[in-house]
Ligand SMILES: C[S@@+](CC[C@H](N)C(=O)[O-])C[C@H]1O[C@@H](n2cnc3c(N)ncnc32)[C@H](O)[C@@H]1O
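The chain below stands alone and is given as structure tokens, in the form predicted alone.
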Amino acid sequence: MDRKTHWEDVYRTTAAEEFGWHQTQQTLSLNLIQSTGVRKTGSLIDVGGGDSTLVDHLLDQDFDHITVLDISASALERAKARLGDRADLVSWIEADITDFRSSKTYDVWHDRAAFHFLTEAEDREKYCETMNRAVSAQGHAITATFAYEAPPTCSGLPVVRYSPEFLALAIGSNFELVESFEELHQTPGGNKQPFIYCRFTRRKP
């Protein structure tokens, strides 16, 4: 089963609150976005956002230019249905991030729990090439992944687990690690998943 088919099946058959990564409030992500100093008129992209409620909170905070990208059309449709009329305020992109070619740049790139599913070096390289093209000259990247102590799989797929230093190495020398945090996420089923959250800034040429 290819990556897109897997995620379409997952989102067609699983309620949002049953996902292991589900959060009703993305406090750490929102705090890190605030730490970037991005203005309300800045542009943000949530990579692998699916039907995450991060977009709801960003709209509540009056951000003007929000993009949500996900490989699953079903996930995006669920998010749009939840938002109702507010969905028209968001740009929605159905794409595999390893194939995505952005026509614009973003001040903040946010990814919670997408990058760690890229277990092949070639896919990680494509992801980073996309990030390098898509993040603005003085932009920021926020990436959250499973920590070393986390389970080796998620949603039926293997993952790569990271430390902040290992993640910085994977992201590449064009980005500087500014800060990192740990989060012990409790899944809806009561299990514990250790995450790391890293905020990077784009290095000056």
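Worth saying up front: this structure is predicted, and the values here are computed from it rather than measured. Numbers for residues come from their place in the sequence shown, where the first is 1.
The form predicted in complex with the ligand is left out here; the points below concern that form.
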Worksheet item: Taking heavy atoms and a 4.5 Å cut-off, does W92 contact the ligand in the predicted complex?
Response: no
Worksheet item: Is W7 close enough to the ligand in the predicted complex to count, meaning some heavy atom within 4.5 Å?
Response: yes
Worksheet item: Given that the partner is absent here, does R203 sit within 4.5 Å of the ligand in the predicted complex, heavy atoms only?
Response: no
Discussion item. So, L69 and the ligand: in the predicted complex, are they within 4.5 Å at any heavy atom pair?
Written reply: yes
Worksheet item: Would Y11, A113 and F117 all count as contacting the ligand in the predicted complex, using a 4.5 Å heavy atom cut-off?
Response: yes
Discussion item. To verify the annotation, which of these, C154, L59, L177, V160, has a non-hydrogen atom within 4.5 Å of the ligand in the predicted complex?
Written reply: C154
Discussion item. Taking 4.5 angstroms as the heavy atom distance cut-off, pick the stretch from 135 to 143, 33 to 41, 47 to 55, 166 to 174 that is near the ligand in the predicted complex.
Written reply: 47 to 55
Discussion item. Under the 4.5 Å heavy atom criterion, name the residues of 94 to 111 that approach the ligand in the predicted complex, in sequence order.
Written reply: A95, D96, I97
